[in-house]
Each structure stands twice: as C-alpha cells, then as structure tokens.
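Taking the form predicted alone, here's one chain by itself in structure tokens.
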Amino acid sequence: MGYVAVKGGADAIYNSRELIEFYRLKDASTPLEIKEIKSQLRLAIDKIIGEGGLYAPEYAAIALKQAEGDLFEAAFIIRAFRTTLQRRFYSERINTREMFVKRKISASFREIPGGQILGPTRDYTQRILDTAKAFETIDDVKLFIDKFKKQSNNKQSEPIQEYEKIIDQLKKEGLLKSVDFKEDRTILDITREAIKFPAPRSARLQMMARSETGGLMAMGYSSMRGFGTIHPTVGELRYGSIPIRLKDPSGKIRYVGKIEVTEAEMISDALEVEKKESPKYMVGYGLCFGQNDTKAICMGMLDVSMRSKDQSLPANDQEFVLFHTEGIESMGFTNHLKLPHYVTFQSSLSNMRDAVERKSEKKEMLTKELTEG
C-alpha cells in the first residue's frame, strides 16, 4: 500500500486531541472515580482485561474512562501498555480444580457434584429497563449492601472445597474420546512467537482467550446454524477465583495472588471415531479472564470445531476463526482506512479515467462505423 506523510498537521492533531477531551468533560459532570468504574462496570472491565491480555482491573478502568466507554479502544490501550512491561516470571500451571467457585452450572445434568450454583448472573432475569437506576443514590447503595450482608450472615456458609467435574464421571464410564497424541501439543507463547497454521491447540486457546467476545460468538453461532459441524452442550460452566503461583529465583514456589476466570467444558459428539471404536464424546475447552460466560462457551465450541479435518466450513478453519475474531487487529486494520491513501487512490482513479476514456473512444468509433456503413 502507498501512503503519504501528512505534513503541517501537528496543530490539527493537537486540537483534535484537545477536542476529544472537551467532549468527554464538556457537561462538567463529576469525574468518574476509577474505584467506581472497576466495581460497577466489572463485566466491561473483564472484557477489557481479556482482550487486552493483561489482568490489571485498575488499569482497565483507567483505559475505559480514557476511551469514553469504547471497549475496543480501551482493550487496545491495555494491549499497547502490556507491550511496555518487562516479563520477569512465568507462573506455574494453574489448577482450576482449586477454584473458589462463585458460579457453577451444567446444562447436561440436573444433579452435579456440589449442586448447581447459579451465582451472579442475569440469565434468569427479564430484560426490562429499570428506570429506578436513574435515581439511585449512595444511601440506596448502602441500604442494599447492609441488607444483603445481613441476609448472607444468617446463612450457614460451606467450607471451601474442590468439586468433582462432570468430565470425571464421563471418563470413568469410558465415554470420552481419548487424547489424540498425533495432534501438535507444543506449548507456544503467542506473544513471543508468530503463529503458523496449522497452529497447536495451545496457540488456538491463547488467541481465543484474547479474542473479541462478539467475534467468537458469531463464529460459534455459525457452527450451530450449519456452517460448522457441532452443536454441543454445556457440560460445566464455572466462574470463580483461582490461586496463582510462581517459582522464585531460589526455586521455591510462592503464592502471589488470585485471579477471576470463567471456565467452560463443552460436550460434543466426537468428530471422527475409528470404525472399531464405540461412539464417544469429546470436550471443548474455554478459559478467559473475569466473568464472561459467552466467551468461554464459544471458545469451547470452536475448540472442537477447529479439530475437524473438514476445513471447508468457516467455523472449522483455524486461520479464518483466529484472525477474524482478533478484535484489536481487526479494529486496527479497518480503522487504518481513515489514514491518507492518496497515492493508491490517485493511481486507481487514473486507471479508471483511462478505462472510461478508452471505452468512450471505442464507442464513438463503433458509432461512426455504423453511421458511415
């Protein structure tokens, strides 16, 4: 592509930046506190840290404020900020069985180990606009919190425990397809190595964990509508906090904190089964930062789809899925069209004018020949 450097536009660019700050603040409303953004817009924060690839809720709140609520832009800012940070350690492998469960459901079985825990969700609410939110005051907030805490304290809490997973039972019954050891199981770091196709499963899951939720949902939905090969069931969906540990320079494993994640295990009929084998299920896996049921579910669906040998369908094609659900890359490339393309367009325009002129000349000659004939 050909671009032209824009000269003499420094003042215009400066004024544009000043103008966007003016539009953000022009109504002279009370500035949003980062603490309030982080706590009251937590699902937006979860999407930003997921797509930005950096678990830093406070910075995500700053980015959301800076971007005036534009999740794409905020995630872009966080992804850019992440590139400036030095990586000192790699964490130990996380174990989601250690999760402090806040939400745990299954669409496959009614009775599951530990029971169904609905947790914080709008799945069972009506989508009716609550106009009372327009008049919410700090006193209302405190009243609700005090009431909720009082009710919670009256209930007997269960000790933290690890719950057996749905797939454990399926494994015991021999209903799960065994791991295909022919598949590339290389642990690839997509932030350090350029991805090549076909990509190992580790790279596919990493890329989907940073993908835009809407993009993943579109791909997953296309698979269910017939542009893919699966229509799975939610085996188990969990949301909660898990501990993070790392090995210090002395070799000692240390606990450094915890993060919130959503994990989904999607049960689907195995795509390919040997003729001698009995029918099996296979599990698609999804894991992402924060609470984001839709993203984790779609990750699990596409994890299965992209293992199919049939690459003719969009949801099965690794390159199509992974590149076109990468929200920040997609936004960057589409928005680059706003940059000056004077040289390329002038070249195209010149060719178009020449083609029109030649067509016109040819038409005139043909008309002349028919007239004279």
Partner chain sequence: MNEIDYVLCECALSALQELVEILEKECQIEIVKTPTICMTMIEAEDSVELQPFYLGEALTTESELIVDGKIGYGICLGDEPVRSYCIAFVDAYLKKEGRNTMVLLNFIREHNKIIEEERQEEHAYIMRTKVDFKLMEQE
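As the structure is a computational prediction, the values presented were derived from the model and not from experiment. Numbering follows the first chain given and starts at 1.
Omitted from view is the form predicted together with its partner chain, to which the following refers.
Look at 67-75, 226-234, 143-151, 129-137: in the model of the complex, residues with non-hydrogen atoms within 4.5 angstroms of its partner chain sit in 143-151. Residue contact check for Y55: one or more of its heavy atoms lie within 4.5 Å of its partner chain in the model of the complex. In the model of the complex, R307 approaches its partner chain with a heavy atom inside 4.5 Å. When contacts are judged by a 4.5 Å heavy atom cut-off, G119 counts as touching its partner chain in the model of the complex. Heavy atoms of S278 never reach within 4.5 Å of its partner chain in the model of the complex, leaving it off the interface. Interface residue among I167, A199, M217, A270 relative to its partner chain in the model of the complex, by the heavy atom within 4.5 Å criterion: I167. Interface residues of 75-96, taken as those with a heavy atom within 4.5 Å of its partner chain in the model of the complex (partner not displayed): F81, R82, L85, Q86, R87, R88, F89, Y90, S91, E92, R93, I94, in sequence order.
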